[in-house]
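First, one chain by itself in structure tokens, the form predicted on its own.
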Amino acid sequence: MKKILIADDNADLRESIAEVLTEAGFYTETATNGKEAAAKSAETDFDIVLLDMLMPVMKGAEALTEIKKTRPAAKVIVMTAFSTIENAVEIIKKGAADYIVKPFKVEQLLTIVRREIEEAGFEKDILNIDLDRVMNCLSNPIRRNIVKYLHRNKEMRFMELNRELEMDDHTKLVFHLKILREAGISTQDKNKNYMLTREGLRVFQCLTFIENYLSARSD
């Protein structure tokens, strides 16, 4: 179960957020000020820290700095009533993963929390991947398409792959499949069906992330 720390001096809002997140399947803890949030974060590796900017004892910005000292990889989502470009840039510079402007809707909060948790999982997967080997495999468009087809169809026979790729030379497909197998990205079952390995699934996520990023930059 994913763990979320909610830090806000407004008791009603704090408990309301905790209730929403608990109902959504998360484990939650709360803090009433920045100092308490920093201390709890040092004790427990929370998946997400929801941090209000204006709190007594220690303000959110200072607490954010302290949290990042003990938990550099922490995903901190700042809650603020002030939404300016300058404030947003400053918050991100200090290490926040994202921010949400009060008052916010439940759906908006859940969307941000789930997205950050998904990205955190992706980042952990990336650390376990041999990027040089993976990028070498994915440098070829045929191999990229094989990974995509195997992810979409779960498992495929050789001729099914060949038909999707529209390849006249079967030996080329054999060559590319051999590279993917040797890289640990794909495998075959006892029925000779091709499929992605666990690392292959992470590679697909990596490929999708890169393509989405490049697409967003070109818009």
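From a predicted model like this one, the values you see are computed outputs, not experimental measurements. Start at 1 with the first residue shown and count on from there. Between two forms, the rigid core is defined as the largest C-alpha subset superposing within 1.5 Å.
There is another form of this protein, the form predicted together with the DNA, and it is not shown here; the text below is about that form.
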Problem - Contact test, all of Lys69, Arg71 and Ile92, partner the DNA in the predicted complex, heavy atom 4.5 Å - result: no
Problem - Contact assignment for the DNA in the predicted complex, among Leu165, Ala42, Leu54, Val174, heavy atom within 4.5 Å - result: Val174
Problem - Option from 92-100, 71-79, 110-118, 134-142 whose residues, in the predicted complex, bring a heavy atom within 4.5 Å of the DNA - result: 134-142
Practice task
Would you please decide whether Gln188 lies within 4.5 angstroms of the DNA in the predicted complex, comparing each non-hydrogen atom pair?
Solution key: yes
Problem - Any non-hydrogen atom of Tyr27 within 4.5 angstroms of the DNA in the predicted complex - result: no
Problem - 4.5 Å heavy atom contact, Arg152 and the DNA in the predicted complex - result: no
Problem - the DNA contact at Lys59 in the predicted complex, heavy atom, 4.5 Å - result: no
Handout entry: Any residue of 187-201 that, in the predicted complex, places a heavy atom within 4.5 Å of the DNA
Key = Gln188, Lys192, Tyr194
Exercise for the section: Determine, after fitting the two forms on their core, whether Thr70 shows a C-alpha shift of 2 Å or more between this form and the one not shown. Expected result: no
Handout entry: Core-aligned C-alpha movement of Phe26 between this form and the one not shown, 2 Å or more
Key = no
Exercise for the section: Establish whether a shift of 2 Å or more occurs at the C-alpha of Arg114 between this form and the one not shown, with the two forms superposed on the rigid core. Expected result: no
